[in-house]
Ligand SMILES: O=C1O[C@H](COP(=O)(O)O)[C@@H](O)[C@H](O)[C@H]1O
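The chain below stands alone and is given in structure tokens; this is the form predicted alone.
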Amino acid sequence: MSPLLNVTTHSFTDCQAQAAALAERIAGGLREALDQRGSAVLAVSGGSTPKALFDRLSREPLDWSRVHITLVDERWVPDTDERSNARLVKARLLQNAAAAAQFVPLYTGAESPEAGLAEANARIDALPRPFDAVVLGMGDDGHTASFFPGGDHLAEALDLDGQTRVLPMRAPGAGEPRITLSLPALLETRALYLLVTGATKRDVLADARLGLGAAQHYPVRSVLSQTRAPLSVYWCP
């Protein structure tokens, strides 16, 4: 299958409509998982982009007590830190009906991502597989999850034949040390979504799909070009 045929783009005129549509789509997949398998697993990104999505999704009527929620990546900071992805999930997604969900954080409290790696891997390995939905974001530099340009474990994280599901990551543009699910782990999902907002990121995404010039090295291109999991892009201005 051509990678271009593996990507479907949904464009919206405003971001509330985008959030509502994606929340409904994700909730439908979670309900189907609960009906068919008795449990569901959702992996989400942090940052500012998914806030409206989390607000909408938290109100979706389903049996959240049987849903596990984890992160695709995390800054190596406690959830008392304002930059913590876990803090965002607790504040915006684990609210309303979704407050009953079971949250599985990546940050372990260890001194470093490397020191906490074994425990983080064990937490992810304990979750049912495949995921029922994975929600990714993207930065202006073409990173997704913690797949940053220049990352010290970037090649390992993007290796489709890799066996490690969780990796540490340090990169010039990452700020704090990070921990991230690998690309093979993220692609082990029944539904893969990329949430993108703004004209700048729209252009970054278009360049990454074409793979011209510097864009051929954008880490998000690895998600766009793979054929294991069909990708749905949700964009708003």
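The first residue of the sequence shown is number 1, and the count goes up from there. Remember, predicted model here, so these are calculated numbers, not experimental data.
Below, we turn to the form predicted together with the named molecule, even though it does not appear here.
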Place the named molecule on this chain by superposition, using its pose in the model of the complex; is the pocket open, or blocked by 3 or more ligand atoms lying within 2.4 Å of backbone or C-beta atoms?
open
Quick one: of Ala120, Val134, Leu167, Ala145, which gets a non-hydrogen atom within 4.5 angstroms of the named molecule in the model of the complex?
Ala145
Of Thr70, Thr49, Ser182, Ser58, the only residue with a heavy atom within 4.5 Å of the named molecule in the model of the complex is Thr49
Within 4.5 Å of the named molecule in the model of the complex - does that hold for a heavy atom of every one of Gly150, His153 and Ser222?
no
Going by a heavy atom distance of 4.5 Å, is Arg209 a contact of the named molecule in the model of the complex?
no
Does at least one non-hydrogen atom of Gly139 fall within 4.5 angstroms of the named molecule in the model of the complex?
yes
Does any part of Arg75 reach within 4.5 Å of the named molecule in the model of the complex? Heavy atoms only, please.
yes
Stretch from 22 to 30, 59 to 67, 38 to 46, 185 to 193 whose residues place a heavy atom within 4.5 Å of the named molecule in the model of the complex
38 to 46
Could you run down 179 to 194 and flag each residue that has a heavy atom within 4.5 Å of the named molecule in the model of the complex?
none
